[in-house]
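Presented as structure tokens, the chain that follows is alone, the form predicted alone.
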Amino acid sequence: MAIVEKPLSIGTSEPVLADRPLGVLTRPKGGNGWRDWLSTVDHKKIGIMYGVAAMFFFVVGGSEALLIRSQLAVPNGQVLSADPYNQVYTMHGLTMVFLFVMPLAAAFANYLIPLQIGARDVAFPRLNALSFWIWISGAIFLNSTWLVGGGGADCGWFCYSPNSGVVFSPSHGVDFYAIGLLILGIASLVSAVNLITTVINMRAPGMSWFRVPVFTWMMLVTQFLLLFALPVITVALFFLMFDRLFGSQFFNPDTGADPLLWQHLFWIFGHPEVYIVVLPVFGIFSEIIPTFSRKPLFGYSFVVFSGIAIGFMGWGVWAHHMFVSGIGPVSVAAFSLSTMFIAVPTGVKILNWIATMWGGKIWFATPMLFSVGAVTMFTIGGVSGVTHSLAPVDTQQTDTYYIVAHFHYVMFGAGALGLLGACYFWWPKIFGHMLNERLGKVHFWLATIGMNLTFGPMHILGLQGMSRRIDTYSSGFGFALWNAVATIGAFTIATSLLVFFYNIWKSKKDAPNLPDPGPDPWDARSLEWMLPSPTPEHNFDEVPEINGLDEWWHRKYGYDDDGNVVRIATVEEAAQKGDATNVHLPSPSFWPLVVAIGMPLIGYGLIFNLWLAVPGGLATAGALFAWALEPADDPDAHHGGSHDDHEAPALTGADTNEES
């Protein structure tokens, strides 16, 4: 049942806990100078850095996409020749998957998971910083191939053998691909272990598993997918690296090896990777849609269990990418059935979101527009994906632009649009001011129209027979019209991104002259909205006691004798106030950054000269040794007391063990 069309508190609330006592004890020597950002172990700052870096690589990957579309805009395009075109589309895929969508989801996971479960930090704060800096070092290493590797990898983001061998890819681009993804994998693996430990061990008192917000649930499933998928692709990348750099023969059929081994290893990782991208946005939809429908999420347990089911079933569908590779009719039949079945839990989620909106008093603010639009785009991508469960259809669609259309409706239509909606939703929580709603809606419509103009026609091009990974086509093939439309769509998406960046700049500039949005501008439901905006470094003055699902909403609303929803407390009254003078957090450290710096040096040494790996190995090993000897807290800082385990469970157990 809806209460109000717009929240009662917007533009009027004072920040919660404004009367917090002076002298709050947080991390020693904390601040906002550049040195503090380089050494921070605060999960919120790390989340912000993930987000900023991911948006930078969104621009990089988007620029590569514009080059691709400019080349294909007209027949016989002359923007790029064949080899640079292959490099650009390969690096575009790698950038958008590994350097934009995944890290932007990680940004929200890092910032929000401790807040949603009532913790003051993640389980291992310095490991959290390490995962970010390793990811940055891997991203820089991967893109440095343009400068020192003779160009980018040219074998597609999947890098099939034998195309990835030195015969067909003689430059160092594929070497940078293999080692760069290995470095990025280390970052994701460290982060997965950290976030899994955080959710399992750091939940506030009373937060049972079925009181955990859906976003945190979906991120937990995602981390388990990463935990088990990354070792598979790591094995494949090691094989590829040794084949290219040391003369091994893991994928050479002339020596009795099987090049299909790479395909199996890649897609055992690659299809769970799709759910690594979309499960976080499923969690985002499940936070935004109930908030703006003024209703609780319909079928909470069904949404949670369907997410878990997707995680399990995602391991059983990889070979539908290989129906034309000769795996045999029995395997084709088995993977056809599994591909059909995985649509069931996905459909359950869509029905739950629709049922949540049904009968609600919907407020179409920008986050809601992005969420509804992304769900719609995902539904289209899901329907086109289910067609691949039919082997005869898949055989004709494989390696055509129909696959490109399906893939982008899922990865961009659901993934990117959903994450952009999350930016608008949580922006006031992270930065303390709203993004402009009018510009946000312009951004949404440009992005949605541009996305459909770009990828919708690719269904038609694929059915007409246009192959993937071709750098040009003749005018007589009949591909010109829809390629021109797709190119217009791509530049429309680029325009929408410019609107987004302008919105960020303008909103920051105008914020001092606008009303304070307060801690809860959307009248939301989960715990992060009870905290001041921006969130203080120690998060909660006192770790809250959880009494039910949607704890924050129930602190604001109750039921009268007739069963009608009534407000029982203002935002300020509902928020828990406490004494934060004894909050004690781990000190910053530069060693995670130093550890990460050594890894690209090892990579350059493996590619160019093993002696170059020596300083990298020494830097990494030395930094790890210094990290182990570094005290958990600054010995010169006074912390003024202790706190019991019940007050701050996020800092007295796992974190102390890791830092000491």
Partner chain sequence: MRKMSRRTSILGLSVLLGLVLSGCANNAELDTLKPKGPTSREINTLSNWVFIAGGVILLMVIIAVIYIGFRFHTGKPEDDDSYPPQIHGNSVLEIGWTILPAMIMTVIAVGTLITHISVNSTEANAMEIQVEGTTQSWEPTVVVVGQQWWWEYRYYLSSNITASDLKGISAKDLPPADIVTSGQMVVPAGQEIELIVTSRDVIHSHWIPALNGKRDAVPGRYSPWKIEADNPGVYFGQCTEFCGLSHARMRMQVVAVTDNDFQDWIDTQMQPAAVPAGAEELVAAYRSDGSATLPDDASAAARGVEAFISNCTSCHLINGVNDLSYTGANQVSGAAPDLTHLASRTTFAGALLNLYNADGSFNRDDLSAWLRNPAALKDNASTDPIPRGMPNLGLSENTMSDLVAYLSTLGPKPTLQQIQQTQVN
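Positions refer to the first chain, counted from 1. Treat the numbers as computed from the prediction; the structure is a model and nothing was measured.
Not pictured, yet referred to below: the form predicted in complex with its partner chain.
- The closest heavy atom approach of residue 297 to its partner chain in the predicted complex falls within 4.5 Å.
- Although the partner is absent here, residue 508 lies well away from its partner chain in the predicted complex, with no heavy atom inside 4.5 Å.
- Its partner chain is not shown here, and in the predicted complex it never comes within 4.5 Å of any heavy atom of residue 512.
- Its partner chain is not shown here, but in the predicted complex it comes within 4.5 Å of a heavy atom of residue 158.
- This chain appears without its partner; in the predicted complex, the one residue of 140, 74, 498, 390 with a heavy atom within 4.5 Å of its partner chain is 390.
- Proximity to its partner chain in the predicted complex, taken as a non-hydrogen atom within 4.5 angstroms, holds for one residue of 396, 144, 547, 582, which is 396.
- With respect to its partner chain in the predicted complex, the three residues 308, 491 and 503 uniformly fall beyond 4.5 angstroms at the level of their nearest heavy atom.
- With the partner left out here, its partner chain still marks one of 172-180, 479-487, 131-139, 104-112 in the predicted complex; by a 4.5 Å heavy atom cut-off that stretch is 479-487.
- In sequence order, 523, 525, 553, 557, 559 are the residues of 523-562 having a heavy atom within 4.5 Å of its partner chain in the predicted complex; the partner itself is omitted from this view.
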